[in-house]
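Only one chain is shown below, in C-alpha cells, and it's the form predicted on its own.
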C-alpha cells in the first residue's frame, strides 16, 4: 500500500468500481486469456527470444491489481473514475517500456493482492505500496525495490498520545488490514486493541471523530492525507522501519520479473523515476 501531493479530496468510491469489469490505466477492457508477449518495439524490455518470453493474462496488456484507496500511491479520480497516483504512473511507465497497454482490475482489498498474484490468471502484477517481506516472498516474487518508506503514528492535533501511552488495553489503534502497519501494532503495542480496516480514509476519519486513539500507516500516505484532507490530525511519531516497496509478480512468470526490473533500471537511469517522484512528492526520495 499514497503517493503524495494533492489537489483533491479522497473518499473511496469502491461502490463505483463494482460495476466495471476493468479500470483502464492506459488501455481498454480486459479479457481472460493467457499469451506470450509479442511486442516488437525496439524500446521494449521484453526479450524477443522464447527463452526470455513471459505470459500475460491478456495479450499486449499488463493487467494490474491494486487497492485503490491509498493516496497518493493509488486512488480513484472522483472526476474521471480512473486510477491515478504515484504507483499508477510507475506501472504505466513500465508498461510503456515493455511496449504494452496497462489496465487495472476493479478495486481489490489490500490483503487479497498477494494471494491473487500467487493464484494467477487474473492479474499479471500488483503494485500498491506493497512492502517486500520474507513472508510475502514465500508466495510471490518481487521486483527490485522502487521506493523506500517508514511508518507513522497519527493522532488528533494536541494529543498527548505516545507509543508508550497507546500500549494500553483501553486504547484503540486502527490500521489497514494485512499491512506492515498492522504487523507493527501487533508486535509493538500488544496491550492495545488493534482495529484492522479495509480503507485508509474511513480509518483516519475514525481518528478524527475519536472512534480510535491513533492510526499506524505508511509515512508517505500519512503526510499526503494530513496535508490534503485531515488538517485536524498530526503525525505524533515517525517509525523507522526501513521498508521497501516492490511489484508483486507470480513465481511462475520469472521472465516478467526480469523485464519489469529492466524497465525500472531504465527508468532510474533515464530520469523517468525522478520525474514521477518529483511530480508526486515535490522532490526525489
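The model shown is predicted, which means the values in this text are computed figures rather than measured ones. Residue numbers count along the first chain shown, from 1.
Omitted here: the form predicted together with a small molecule. The next part is about that form.
In the predicted complex, the small molecule sits within 4.5 Å of a heavy atom of residue 180. Residue 245 belongs to the set of residues with a heavy atom inside 4.5 Å of the small molecule in the predicted complex. Among residues of the shown chain, residue 176 is one whose heavy atoms approach the small molecule to within 4.5 Å in the predicted complex. Among residues of the shown chain, residue 70 is one whose heavy atoms approach the small molecule to within 4.5 Å in the predicted complex.
131 is the sole member of 131, 213, 107, 143 with a non-hydrogen atom lying within 4.5 angstroms of the small molecule in the predicted complex. Contact annotation: the small molecule lies within 4.5 Å of heavy atoms from the stretch 122-130 in the predicted complex, the single such stretch among 152-160, 99-107, 122-130, 75-83.
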